[in-house]
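Below you'll find only one chain, the form predicted alone, shown as C-alpha coordinates.
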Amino acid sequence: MRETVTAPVSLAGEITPLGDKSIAHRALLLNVLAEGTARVENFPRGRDTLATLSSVQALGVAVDEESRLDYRSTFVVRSPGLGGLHEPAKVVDARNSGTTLRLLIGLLAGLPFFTVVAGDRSLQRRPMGRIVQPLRLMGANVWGRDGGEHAPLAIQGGSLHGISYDLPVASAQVKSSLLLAGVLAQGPTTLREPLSSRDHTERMLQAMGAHLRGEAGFIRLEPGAALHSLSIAIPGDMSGAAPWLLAGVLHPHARITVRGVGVNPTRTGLLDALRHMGARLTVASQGDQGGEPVADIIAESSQLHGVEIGGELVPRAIDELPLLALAGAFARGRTLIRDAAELRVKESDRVATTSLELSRLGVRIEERPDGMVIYGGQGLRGGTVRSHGDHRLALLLATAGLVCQESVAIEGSEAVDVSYPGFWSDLHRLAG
(Lines give C-alpha, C1' and ligand atoms only; values in the text may rest on other atoms or scores of the structure.)
Protein backbone atom coordinates (compact mmCIF):
# COMPACT_ATOMS: atom_id res chain seq x y z
CA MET A 1 0.00 0.00 0.00
CA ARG A 2 1.14 3.54 -0.73
CA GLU A 3 0.18 6.73 1.13
CA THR A 4 1.16 10.18 -0.04
CA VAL A 5 1.60 12.95 2.53
CA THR A 6 1.73 16.65 1.69
CA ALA A 7 2.60 19.33 4.21
CA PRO A 8 -0.45 21.45 5.16
CA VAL A 9 -0.32 25.23 5.48
CA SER A 10 -0.78 24.85 9.24
CA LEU A 11 -1.06 22.06 11.81
CA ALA A 12 -3.40 22.57 14.74
CA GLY A 13 -5.62 20.34 16.83
CA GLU A 14 -5.74 17.59 19.41
CA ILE A 15 -4.77 13.92 19.31
CA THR A 16 -5.50 11.19 21.84
CA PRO A 17 -3.05 8.36 21.07
CA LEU A 18 -3.91 4.70 21.49
CA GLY A 19 -3.01 2.94 24.72
CA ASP A 20 0.65 2.27 25.40
CA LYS A 21 1.72 -0.84 23.50
CA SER A 22 4.39 -1.85 26.03
CA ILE A 23 1.94 -1.68 28.93
CA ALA A 24 -0.76 -3.49 26.95
CA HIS A 25 1.48 -6.53 26.39
CA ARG A 26 2.26 -6.68 30.09
CA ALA A 27 -1.34 -6.16 31.20
CA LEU A 28 -2.19 -9.47 29.54
CA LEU A 29 0.96 -11.50 30.23
CA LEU A 30 1.35 -10.57 33.89
CA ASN A 31 -2.31 -11.25 34.64
CA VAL A 32 -1.69 -14.82 33.49
CA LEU A 33 0.32 -15.27 36.71
CA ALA A 34 -2.61 -14.56 39.05
CA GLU A 35 -5.81 -16.58 39.34
CA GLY A 36 -8.75 -14.22 39.05
CA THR A 37 -10.34 -11.51 36.91
CA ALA A 38 -8.86 -8.23 35.68
CA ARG A 39 -10.31 -5.43 33.55
CA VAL A 40 -7.98 -3.88 30.97
CA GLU A 41 -9.20 -0.59 29.47
CA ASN A 42 -7.88 1.38 26.47
CA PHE A 43 -6.18 -1.68 25.00
CA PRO A 44 -4.70 -0.79 21.58
CA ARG A 45 -5.72 -3.19 18.82
CA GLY A 46 -2.44 -3.20 16.88
CA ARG A 47 -1.00 -6.30 15.26
CA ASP A 48 1.64 -6.68 17.97
CA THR A 49 -0.74 -6.47 20.92
CA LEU A 50 -3.25 -8.80 19.28
CA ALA A 51 -0.40 -11.34 18.96
CA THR A 52 -0.04 -11.26 22.74
CA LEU A 53 -3.82 -11.60 23.14
CA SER A 54 -3.94 -14.77 21.03
CA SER A 55 -0.86 -16.12 22.84
CA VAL A 56 -2.39 -15.95 26.32
CA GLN A 57 -5.62 -17.41 24.99
CA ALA A 58 -3.61 -20.37 23.66
CA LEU A 59 -2.52 -21.05 27.27
CA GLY A 60 -6.10 -21.31 28.53
CA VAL A 61 -6.73 -17.71 29.65
CA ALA A 62 -10.20 -16.37 28.81
CA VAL A 63 -10.13 -12.84 27.36
CA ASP A 64 -13.55 -11.36 26.60
CA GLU A 65 -14.12 -8.07 24.84
CA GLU A 66 -16.45 -5.89 26.92
CA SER A 67 -16.47 -2.94 24.52
CA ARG A 68 -14.69 -1.49 21.50
CA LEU A 69 -14.31 2.01 20.12
CA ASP A 70 -12.39 2.28 16.87
CA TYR A 71 -9.02 0.64 17.63
CA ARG A 72 -9.41 0.60 21.43
CA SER A 73 -10.94 -2.24 23.43
CA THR A 74 -11.82 -2.99 27.01
CA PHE A 75 -11.09 -6.62 27.87
CA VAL A 76 -11.98 -8.77 30.85
CA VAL A 77 -9.12 -11.21 31.52
CA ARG A 78 -9.92 -14.38 33.48
CA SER A 79 -6.86 -16.44 34.36
CA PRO A 80 -7.24 -19.93 35.85
CA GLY A 81 -3.94 -19.38 37.65
CA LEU A 82 -0.69 -21.20 36.99
CA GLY A 83 -2.18 -24.60 37.83
CA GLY A 84 -4.98 -24.16 35.30
CA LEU A 85 -2.87 -23.25 32.28
CA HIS A 86 -2.38 -25.85 29.57
CA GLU A 87 -0.04 -26.74 26.74
CA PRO A 88 -0.96 -24.94 23.48
CA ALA A 89 -2.39 -27.27 20.87
CA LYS A 90 -0.35 -25.69 18.06
CA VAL A 91 2.57 -23.37 17.42
CA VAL A 92 2.05 -19.96 19.07
CA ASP A 93 2.46 -17.16 16.52
CA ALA A 94 4.09 -13.98 17.88
CA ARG A 95 3.76 -12.41 14.40
CA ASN A 96 6.11 -9.38 14.25
CA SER A 97 6.21 -8.74 18.00
CA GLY A 98 9.55 -9.07 19.76
CA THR A 99 7.89 -8.12 23.05
CA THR A 100 5.38 -10.95 22.72
CA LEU A 101 8.02 -13.54 21.93
CA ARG A 102 10.62 -12.52 24.50
CA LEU A 103 8.25 -12.02 27.43
CA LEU A 104 6.24 -15.11 26.59
CA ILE A 105 9.38 -17.27 26.58
CA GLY A 106 10.21 -16.08 30.09
CA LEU A 107 6.73 -17.08 31.29
CA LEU A 108 6.76 -20.44 29.50
CA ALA A 109 10.18 -21.36 30.91
CA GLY A 110 8.59 -21.98 34.32
CA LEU A 111 5.41 -23.76 33.19
CA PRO A 112 5.38 -27.59 33.11
CA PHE A 113 4.62 -28.21 29.45
CA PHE A 114 6.05 -27.94 25.93
CA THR A 115 5.50 -24.94 23.63
CA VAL A 116 6.81 -23.76 20.28
CA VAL A 117 6.73 -20.02 19.55
CA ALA A 118 7.33 -18.66 16.05
CA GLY A 119 6.91 -15.36 14.23
CA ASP A 120 7.11 -13.73 10.83
CA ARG A 121 10.25 -13.48 8.71
CA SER A 122 11.34 -10.21 10.32
CA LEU A 123 10.98 -11.56 13.86
CA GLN A 124 12.93 -14.69 12.95
CA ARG A 125 15.94 -12.48 12.13
CA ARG A 126 15.98 -10.74 15.52
CA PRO A 127 18.41 -11.86 18.26
CA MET A 128 16.95 -14.21 20.89
CA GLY A 129 20.18 -15.48 22.46
CA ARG A 130 20.05 -12.52 24.85
CA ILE A 131 17.06 -14.15 26.59
CA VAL A 132 17.81 -17.80 25.88
CA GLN A 133 21.26 -17.75 27.50
CA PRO A 134 20.21 -16.35 30.91
CA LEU A 135 17.07 -18.50 30.93
CA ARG A 136 19.27 -21.56 30.44
CA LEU A 137 21.34 -20.38 33.42
CA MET A 138 18.08 -20.48 35.40
CA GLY A 139 17.60 -24.12 34.36
CA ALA A 140 15.26 -23.60 31.41
CA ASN A 141 15.18 -25.97 28.46
CA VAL A 142 15.01 -23.76 25.38
CA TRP A 143 15.95 -24.69 21.82
CA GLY A 144 15.94 -22.68 18.62
CA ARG A 145 17.64 -22.03 15.33
CA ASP A 146 21.37 -21.30 15.45
CA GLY A 147 21.69 -22.70 18.94
CA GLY A 148 18.79 -20.63 20.26
CA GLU A 149 19.84 -17.35 18.70
CA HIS A 150 16.80 -17.15 16.42
CA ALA A 151 13.13 -18.16 16.42
CA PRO A 152 11.23 -20.41 16.17
CA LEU A 153 11.95 -21.33 19.79
CA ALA A 154 10.84 -24.50 21.58
CA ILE A 155 10.48 -24.55 25.38
CA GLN A 156 10.05 -27.46 27.74
CA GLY A 157 9.11 -25.60 30.90
CA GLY A 158 9.79 -26.80 34.40
CA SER A 159 11.79 -26.14 37.52
CA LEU A 160 13.80 -22.90 37.56
CA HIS A 161 16.16 -21.30 40.06
CA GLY A 162 16.92 -17.62 40.50
CA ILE A 163 20.18 -16.12 39.30
CA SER A 164 22.27 -12.99 39.72
CA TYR A 165 22.78 -11.61 36.22
CA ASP A 166 24.34 -8.57 34.57
CA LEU A 167 22.38 -7.65 31.44
CA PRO A 168 24.79 -6.96 28.54
CA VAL A 169 22.38 -4.37 27.07
CA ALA A 170 19.75 -2.08 28.57
CA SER A 171 16.68 -3.96 27.33
CA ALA A 172 13.25 -3.87 28.94
CA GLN A 173 12.29 -6.97 26.97
CA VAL A 174 15.21 -9.04 28.30
CA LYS A 175 14.72 -7.73 31.84
CA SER A 176 10.98 -8.46 31.74
CA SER A 177 11.48 -11.97 30.37
CA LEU A 178 13.83 -12.82 33.24
CA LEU A 179 11.49 -11.28 35.83
CA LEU A 180 8.58 -13.37 34.54
CA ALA A 181 10.77 -16.46 34.86
CA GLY A 182 11.94 -15.24 38.27
CA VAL A 183 8.37 -15.16 39.60
CA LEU A 184 8.21 -18.91 38.94
CA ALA A 185 11.74 -19.74 40.14
CA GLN A 186 13.12 -21.01 43.43
CA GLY A 187 15.27 -18.38 45.13
CA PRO A 188 15.80 -14.69 44.37
CA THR A 189 16.57 -13.23 40.94
CA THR A 190 18.89 -10.21 40.88
CA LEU A 191 19.39 -8.18 37.71
CA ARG A 192 21.76 -5.33 36.96
CA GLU A 193 21.39 -3.09 33.88
CA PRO A 194 24.14 -0.97 32.31
CA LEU A 195 21.50 1.81 31.94
CA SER A 196 17.93 2.04 33.18
CA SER A 197 15.31 0.83 30.68
CA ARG A 198 11.52 1.18 30.82
CA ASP A 199 10.14 -0.15 34.10
CA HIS A 200 6.50 -1.04 33.33
CA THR A 201 7.03 -4.68 34.36
CA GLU A 202 8.47 -3.74 37.76
CA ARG A 203 5.66 -1.29 38.47
CA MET A 204 3.02 -3.83 37.52
CA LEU A 205 4.55 -6.70 39.50
CA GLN A 206 4.79 -4.52 42.59
CA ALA A 207 1.13 -3.50 42.17
CA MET A 208 0.23 -7.22 41.97
CA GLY A 209 1.96 -7.88 45.29
CA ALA A 210 5.35 -9.21 44.18
CA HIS A 211 8.31 -8.88 46.53
CA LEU A 212 10.36 -6.72 44.20
CA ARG A 213 12.60 -3.78 44.87
CA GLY A 214 14.51 -1.75 42.36
CA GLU A 215 16.67 1.31 42.07
CA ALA A 216 18.81 2.76 39.31
CA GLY A 217 20.13 -0.19 37.33
CA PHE A 218 19.37 -2.81 40.02
CA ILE A 219 16.36 -5.11 40.59
CA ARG A 220 15.85 -7.92 43.11
CA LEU A 221 12.82 -10.23 42.97
CA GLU A 222 11.97 -12.64 45.78
CA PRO A 223 9.53 -15.33 44.58
CA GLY A 224 6.73 -16.83 46.63
CA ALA A 225 4.33 -13.89 46.95
CA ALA A 226 0.68 -14.60 46.19
CA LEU A 227 0.03 -12.32 43.20
CA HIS A 228 -3.40 -10.83 42.65
CA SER A 229 -5.02 -9.80 39.38
CA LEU A 230 -4.48 -6.20 38.31
CA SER A 231 -7.10 -4.10 36.54
CA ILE A 232 -5.62 -1.20 34.61
CA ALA A 233 -6.57 1.72 32.37
CA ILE A 234 -3.71 1.91 29.91
CA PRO A 235 -2.29 5.43 29.40
CA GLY A 236 -1.62 6.86 25.95
CA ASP A 237 1.49 5.62 24.16
CA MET A 238 4.47 8.00 24.10
CA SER A 239 5.64 6.32 20.88
CA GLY A 240 2.23 7.02 19.33
CA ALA A 241 2.36 10.61 20.54
CA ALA A 242 5.88 11.15 19.24
CA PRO A 243 5.10 11.78 15.52
CA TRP A 244 2.56 14.49 16.43
CA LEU A 245 4.88 16.14 18.94
CA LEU A 246 7.68 16.23 16.40
CA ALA A 247 5.40 17.53 13.64
CA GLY A 248 4.23 20.27 16.00
CA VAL A 249 7.80 21.31 16.72
CA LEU A 250 9.06 21.16 13.10
CA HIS A 251 6.15 22.65 11.16
CA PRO A 252 6.46 26.47 10.90
CA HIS A 253 2.77 27.07 11.77
CA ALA A 254 1.76 24.48 14.33
CA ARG A 255 0.27 23.93 17.75
CA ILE A 256 -0.67 20.36 18.58
CA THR A 257 -2.00 19.04 21.89
CA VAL A 258 -1.63 15.33 22.66
CA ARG A 259 -3.94 14.15 25.43
CA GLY A 260 -3.41 11.56 28.17
CA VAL A 261 0.15 10.48 27.30
CA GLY A 262 2.12 8.21 29.63
CA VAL A 263 5.09 10.19 30.94
CA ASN A 264 6.89 7.45 32.85
CA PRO A 265 10.46 8.85 33.27
CA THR A 266 11.89 5.75 31.54
CA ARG A 267 9.92 6.72 28.40
CA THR A 268 10.43 10.49 28.15
CA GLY A 269 13.82 10.59 26.44
CA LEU A 270 12.21 12.12 23.35
CA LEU A 271 10.91 15.08 25.37
CA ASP A 272 14.27 15.62 27.05
CA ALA A 273 16.15 15.46 23.75
CA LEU A 274 13.77 17.85 21.98
CA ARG A 275 13.91 20.32 24.86
CA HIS A 276 17.72 20.16 24.71
CA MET A 277 17.41 21.07 21.02
CA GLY A 278 15.26 24.10 21.88
CA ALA A 279 11.77 22.71 21.29
CA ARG A 280 8.71 24.46 22.72
CA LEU A 281 6.99 21.67 24.66
CA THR A 282 4.56 22.20 27.52
CA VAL A 283 3.54 19.38 29.88
CA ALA A 284 0.17 20.04 31.55
CA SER A 285 -2.72 18.34 33.39
CA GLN A 286 -0.54 15.74 35.02
CA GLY A 287 -2.13 12.79 36.80
CA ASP A 288 -1.89 9.06 37.40
CA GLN A 289 -3.44 6.18 35.48
CA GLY A 290 -2.95 2.54 36.36
CA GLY A 291 0.11 3.36 38.46
CA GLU A 292 1.70 5.27 35.58
CA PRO A 293 2.08 9.08 35.36
CA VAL A 294 0.13 10.71 32.52
CA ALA A 295 -0.09 14.24 31.12
CA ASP A 296 -1.22 16.38 28.21
CA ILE A 297 1.65 17.65 26.05
CA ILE A 298 1.53 20.72 23.81
CA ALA A 299 4.04 21.08 20.94
CA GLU A 300 4.53 24.39 19.11
CA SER A 301 6.64 25.54 16.18
CA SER A 302 10.27 25.84 17.26
CA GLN A 303 13.76 26.71 16.10
CA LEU A 304 16.06 23.78 16.89
CA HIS A 305 19.82 23.45 17.18
CA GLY A 306 21.97 20.34 16.86
CA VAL A 307 22.89 18.29 19.93
CA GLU A 308 24.57 15.02 20.92
CA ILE A 309 22.21 12.21 21.95
CA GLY A 310 23.72 9.23 23.75
CA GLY A 311 24.28 7.49 27.06
CA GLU A 312 21.34 7.14 29.45
CA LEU A 313 19.04 9.01 27.07
CA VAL A 314 19.17 6.22 24.45
CA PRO A 315 17.17 3.47 26.24
CA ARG A 316 14.61 6.11 27.26
CA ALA A 317 14.08 7.11 23.62
CA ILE A 318 15.04 3.95 21.74
CA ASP A 319 11.82 3.79 19.66
CA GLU A 320 11.90 7.53 18.95
CA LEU A 321 15.54 7.85 17.82
CA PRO A 322 14.63 7.75 14.10
CA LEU A 323 12.29 10.70 14.73
CA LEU A 324 15.12 12.54 16.48
CA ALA A 325 17.20 12.02 13.34
CA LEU A 326 14.46 13.87 11.45
CA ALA A 327 14.58 16.64 14.08
CA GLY A 328 18.31 16.87 13.44
CA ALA A 329 17.65 17.51 9.75
CA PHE A 330 15.78 20.71 10.69
CA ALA A 331 18.19 21.83 13.41
CA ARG A 332 21.00 24.31 12.98
CA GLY A 333 24.35 22.54 12.99
CA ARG A 334 25.19 18.89 13.58
CA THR A 335 23.23 16.28 15.55
CA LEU A 336 24.99 13.10 16.68
CA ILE A 337 23.10 9.98 17.78
CA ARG A 338 25.47 7.49 19.43
CA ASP A 339 25.36 4.43 21.72
CA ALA A 340 22.38 3.21 19.68
CA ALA A 341 23.64 -0.03 18.12
CA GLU A 342 20.44 -1.64 19.46
CA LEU A 343 18.61 0.07 16.59
CA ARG A 344 20.26 -2.37 14.21
CA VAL A 345 18.34 -5.37 15.62
CA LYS A 346 14.80 -3.99 15.49
CA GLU A 347 12.14 -4.81 12.88
CA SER A 348 14.62 -3.40 10.39
CA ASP A 349 18.18 -2.18 10.83
CA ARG A 350 16.93 1.25 11.84
CA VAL A 351 20.35 2.88 11.57
CA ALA A 352 20.62 1.77 7.94
CA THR A 353 16.97 2.26 6.92
CA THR A 354 16.60 5.64 8.62
CA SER A 355 19.81 6.88 6.99
CA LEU A 356 18.81 5.54 3.57
CA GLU A 357 15.26 6.88 3.47
CA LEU A 358 16.01 10.30 4.97
CA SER A 359 18.87 10.72 2.49
CA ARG A 360 16.33 10.12 -0.31
CA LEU A 361 14.46 13.16 1.00
CA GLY A 362 17.59 15.30 0.83
CA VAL A 363 18.95 14.92 4.36
CA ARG A 364 22.72 14.85 4.67
CA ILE A 365 23.19 11.93 7.05
CA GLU A 366 26.11 9.64 7.84
CA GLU A 367 25.62 6.11 9.13
CA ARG A 368 27.85 4.99 12.01
CA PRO A 369 28.15 1.57 13.69
CA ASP A 370 26.22 2.77 16.74
CA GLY A 371 24.18 5.64 15.32
CA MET A 372 24.05 8.51 12.88
CA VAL A 373 25.39 12.01 12.23
CA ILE A 374 22.81 14.42 10.80
CA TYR A 375 23.76 17.77 9.26
CA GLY A 376 20.81 20.12 9.63
CA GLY A 377 19.51 23.27 8.10
CA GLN A 378 19.11 22.00 4.55
CA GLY A 379 15.35 21.42 4.50
CA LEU A 380 13.70 18.36 2.99
CA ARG A 381 12.53 17.78 -0.54
CA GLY A 382 9.84 15.26 -1.37
CA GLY A 383 10.12 11.91 -3.06
CA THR A 384 9.23 8.23 -2.87
CA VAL A 385 10.44 6.24 0.13
CA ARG A 386 9.92 2.74 1.62
CA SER A 387 8.94 1.57 5.10
CA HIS A 388 10.93 -1.70 4.81
CA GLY A 389 7.99 -3.30 6.64
CA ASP A 390 8.96 -1.41 9.81
CA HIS A 391 6.16 0.46 11.59
CA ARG A 392 8.51 2.96 13.26
CA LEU A 393 10.08 3.83 9.91
CA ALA A 394 6.63 4.28 8.32
CA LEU A 395 5.68 6.70 11.14
CA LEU A 396 8.96 8.58 10.66
CA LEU A 397 8.40 9.00 6.92
CA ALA A 398 4.80 10.11 7.40
CA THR A 399 6.00 12.76 9.85
CA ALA A 400 8.59 13.87 7.30
CA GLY A 401 5.80 14.30 4.77
CA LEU A 402 4.02 16.73 7.09
CA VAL A 403 7.04 19.07 7.06
CA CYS A 404 8.62 18.48 3.63
CA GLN A 405 8.69 21.05 0.84
CA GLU A 406 7.05 18.56 -1.54
CA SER A 407 4.89 15.46 -1.22
CA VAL A 408 6.29 12.24 0.22
CA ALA A 409 4.98 8.92 -1.14
CA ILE A 410 5.48 6.01 1.28
CA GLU A 411 5.59 2.48 -0.09
CA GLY A 412 4.53 -0.11 2.49
CA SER A 413 2.59 2.46 4.51
CA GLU A 414 0.37 -0.27 6.00
CA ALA A 415 3.24 -1.13 8.36
CA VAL A 416 1.91 1.50 10.80
CA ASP A 417 -0.88 -0.95 11.74
CA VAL A 418 1.62 -2.97 13.78
CA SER A 419 1.55 -0.32 16.52
CA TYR A 420 -0.84 2.43 15.43
CA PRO A 421 -3.93 1.31 13.50
CA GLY A 422 -5.92 4.42 12.69
CA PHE A 423 -2.79 6.53 12.25
CA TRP A 424 -3.69 7.60 8.71
CA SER A 425 -7.16 8.72 9.80
CA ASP A 426 -5.62 10.80 12.59
CA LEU A 427 -3.09 12.30 10.17
CA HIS A 428 -5.69 13.30 7.57
CA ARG A 429 -7.94 14.78 10.25
CA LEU A 430 -5.15 16.83 11.82
CA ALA A 431 -3.71 17.99 8.49
CA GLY A 432 -7.10 18.81 7.03
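Quick caveat: nothing in here was measured; it's all calculated off a predicted structure. Position 1 is the first residue in the sequence shown; the rest follow in order.
In what follows, reference is made to the form predicted together with a small molecule, a form of this protein that is not presented.
Student: Give a yes or no for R316: in the model of the complex, does one of its heavy atoms lie within 4.5 Å of a heavy atom belonging to the small molecule?
Tutor: Although the small molecule is absent here, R316 would stay clear of it in the model of the complex, with no heavy atoms inside 4.5 Å.
Student: Verify the contact flag for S73: yes if a non-hydrogen atom of it lies within 4.5 Å of a non-hydrogen atom of the small molecule in the model of the complex, no if not.
Tutor: Close contact is absent here: in the model of the complex, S73 is far from the small molecule, nothing within 4.5 Å, heavy atoms only.
Student: Wondering, does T335 line up within 4.5 Å of the small molecule in the model of the complex on heavy atoms?
Tutor: No, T335 sits far enough from the small molecule in the model of the complex that none of its heavy atoms falls within 4.5 Å.
Student: My question is simply whether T353 lines the interface with the small molecule in the model of the complex - judged by any non-hydrogen atom within 4.5 Å.
Tutor: Close contact is absent here: in the model of the complex, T353 is far from the small molecule, nothing within 4.5 Å, heavy atoms only.
Student: Only one of 208-216, 287-295, 77-85, 99-107 gets a heavy atom within 4.5 Å of the small molecule in the model of the complex; which is it?
Tutor: Result of the contact check: 99-107.
Student: Answer with one of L246, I131, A172, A140: the residue that has a non-hydrogen atom within 4.5 Å of the small molecule in the model of the complex.
Tutor: Checking each option against the small molecule in the model of the complex, the one that comes within 4.5 Å is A172.
Student: By the heavy atom within 4.5 Å rule, which residue out of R220, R203, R95, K346 makes contact with the small molecule in the model of the complex?
Tutor: Checked against the cut-off, the match is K346.
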